[in-house]
Structures are given as C-alpha cells and as structure tokens.
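Only one chain is shown below, in structure tokens, and it's the form predicted on its own.
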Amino acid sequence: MSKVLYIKANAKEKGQSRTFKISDSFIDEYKKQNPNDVVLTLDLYKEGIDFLPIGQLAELHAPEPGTGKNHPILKYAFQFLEADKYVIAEPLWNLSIPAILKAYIDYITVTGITFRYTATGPVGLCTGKKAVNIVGRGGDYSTEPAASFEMGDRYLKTIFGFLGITDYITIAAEGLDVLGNDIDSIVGQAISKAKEIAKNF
C-alpha cells in the first residue's frame, strides 16, 4: 500500500480551476487503479500555509532532537517524507509557481528530515519516491522562445531532485488563455494524458 500526497496550490474557487480539473481526474483514475492506497489531499490555501514565521527559521536548519510530527512547521516535512508518491497541481503564475507553493517548499526542505548535508554536499532523503506535476499555463511554454521563460516546473523538478526524487513527470496544459484556442479540447487532452499516466503511477 502506498501513500499519495496530493498538493494543491490554486486560489480559484471550487470548480473554476482548469488545472484542478486535470489533477482531480488523475487522482480519480489513480484511486480506481489502486483502491487500497491512501491519498491525502493538502490544499495549501485551505491549509493556510504562510511565510515562515520570524524567529523560527533556525528550526528548519537544526531541528531540536526529538522534535515530533505535531510541530506546527516541521509537521509538513514529516508528512512529506512519509509519502511514497506526490501529485502537485498548480498554475503557472508570472513564469513560476504560486508564492504559497514556494512557501510550502520552504516548510518541507528541512535539514535532517528531507535532506542532509555530508562531506561531499547535500543528499536527499526522499529517494525511491515518484512525483507528477500537473500545471496549467496561459501561454504555450512547450517550445522556444517561451520555454526559456518557464521557471515553475523547472524549479519544482530541481527541488524535488534535491530532495532525492528523480522519478518526475510533468503534465502541462498549454495555451489556456490564448484567444482563439479551443480550451475545452486542450483541457480534455490533458485529462486523457493524466488518466493514462495515472494507470501506472
């Protein structure tokens, strides 16, 4: 039995996010294929993730010995470590990820929990896990010249690799805000792709 952490980062009201239509379809298909797995949904806006509090930054670099999973900040790092698979869903905002998702990354990137420093450099402690990032983009960032400006999925892939997660797939719905595009078709194609990937995730 695997634990799946479904991380959602979009401020839109329920039913309005095109990204979530795709990611929810992925999760629905995954549950059909893996009925015994545990899927935990973490909606960052509903969770109220905020920027790191003043005076608590040191806890991310040197957690006190014996710090437990109920710690208000470190609990997210422990939760992340315990998961076997990750599904991240977010829009491309201003060429990157929403600030709330970056804040969450700051919560889970903790020395001694999700990575550690060694004599030869940092080593991720989340090895053997896999992730899929599902992103909706207003423009088409799949080819140049726009591809060079895309820094959201690139960042997530890099930070997940830093934590030891190298089995990483991206599902992107491109051109969702381009006038004249058939948005329903774009979303529909992304949903179909998501369902196919979910079958073997």
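Quick note: we count residues from 1 along the sequence shown, nothing fancier. Everything numeric in this text was worked out from a predicted model, so none of it was measured.
We do not show the form predicted in complex with a small molecule, though everything after this point is about it.
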Does at least one non-hydrogen atom of G139 fall within 4.5 angstroms of the small molecule in the predicted bound form?
yes
With the partner left out of view, is R18 within 4.5 angstroms of the small molecule in the predicted bound form by any non-hydrogen atom?
yes
At 4.5 Å between heavy atoms, is L125 in contact with the small molecule in the predicted bound form?
no
Under a 4.5 Å heavy atom criterion, is D184 part of the interface with the small molecule in the predicted bound form?
no
Want to guess which of 116 to 124, 102 to 110, 70 to 78, 86 to 94 is within 4.5 Å of the small molecule in the predicted bound form, heavy atoms only?
86 to 94
Assert contact residue (the small molecule, in the predicted bound form, non-hydrogen atom within 4.5 Å, options L42, I49, L176, I171) equals L176
